[in-house]
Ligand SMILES: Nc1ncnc2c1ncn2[C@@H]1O[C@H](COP(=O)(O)OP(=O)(O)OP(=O)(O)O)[C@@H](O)[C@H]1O
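Here's a solo chain for you in structure tokens, the form predicted alone.
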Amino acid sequence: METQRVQAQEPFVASVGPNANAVPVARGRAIVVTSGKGGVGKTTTTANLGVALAARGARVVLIDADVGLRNLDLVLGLESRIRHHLLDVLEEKVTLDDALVRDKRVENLFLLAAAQNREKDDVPTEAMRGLVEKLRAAYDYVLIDSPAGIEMGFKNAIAAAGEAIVVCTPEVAAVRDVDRVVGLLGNDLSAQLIVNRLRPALVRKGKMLSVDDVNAILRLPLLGVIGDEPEVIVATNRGEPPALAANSPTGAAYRAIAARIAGEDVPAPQAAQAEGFLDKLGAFFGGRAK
């Protein structure tokens, strides 16, 4: 995978309504981060990959497409600086420059927040696609944090993307939901997998699905594995992405995944082999019943 780099362009003003000018030639990569069900770490993944890519020198913009349930600003610690949101831009109430918020630690990382008091159906698909195309002309990476579920918000998020990162926890319900989502992505959207919140000790005891178990169903290229570490919850509550922490194992994993996205030949972390998929399923359900 070859890294695409775009020279910084500031200021960047875009009009995305019916009177917008012709969309410039797209150069950056638009990647949707999705999973199907909520609570698996899509937003945390989006924030940390954005931070890690920007820390490498790429120009990155994050779009919170979860209209009505804004959280990406909290994970980044930018909630106090949000004045405008995605729909303000799409409805031409403000310019894109007015709505974009620059990260306080990595200067080439920007956030476009979601609206908290609107509905996902309020976002016109074509306008969303046009906005992302304009952002691709000025940024190396446009990461779109997809909402949970497979309704209108999901359709808007994937409509504008050229690639997908699918986040899945090692749980049977999560795997089933992701399998459905992968089917909805279609053949035009290349997808890669991140297995999140893996506990190797539980895998070894047969009480959690392994990476191999998960991918026995999904059969996606593995982008990386993130362990289930307490530091992630603490960092998220503080608005401090682990990807910026030099001594964080979780941060190192996100940085390695970012390197793989950028085209570096970095191996994806692998979990220990499990005894077998059917045996593991039985142990997993038994463990949950305790």
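Fair warning: this is a prediction, and the values are worked out from it, not measured in the lab. Just count from 1 along the sequence shown to find any residue number.
This protein has a second form, the form predicted together with this ligand, left out of what is shown; the following refers to that one.
Site annotation in the predicted complex: the residue of Glu126, Asp122, Glu171, Asp98 reaching within 4.5 Å of this ligand with a heavy atom is Glu171. A heavy atom within 4.5 Å of this ligand in the predicted complex is found for one listed residue only; from Gly239, Pro249, Gly57, Gly38, this is Gly38.
Put simply, Glu229 is close to this ligand in the predicted complex: some heavy atom of it is within 4.5 Å. Interface membership of Ala148, defined by any non-hydrogen atom within 4.5 Å of this ligand in the predicted complex, is confirmed. Using a 4.5 angstroms limit between non-hydrogen atoms, Asn196 touches this ligand in the predicted complex. This ligand is not shown here, and in the predicted complex it never comes within 4.5 Å of any heavy atom of Arg255. Using a 4.5 Å cut-off on any heavy atom, the residues of 41-61 that reach this ligand in the predicted complex are, in sequence order, Gly41, Lys42, Thr43, Thr44.
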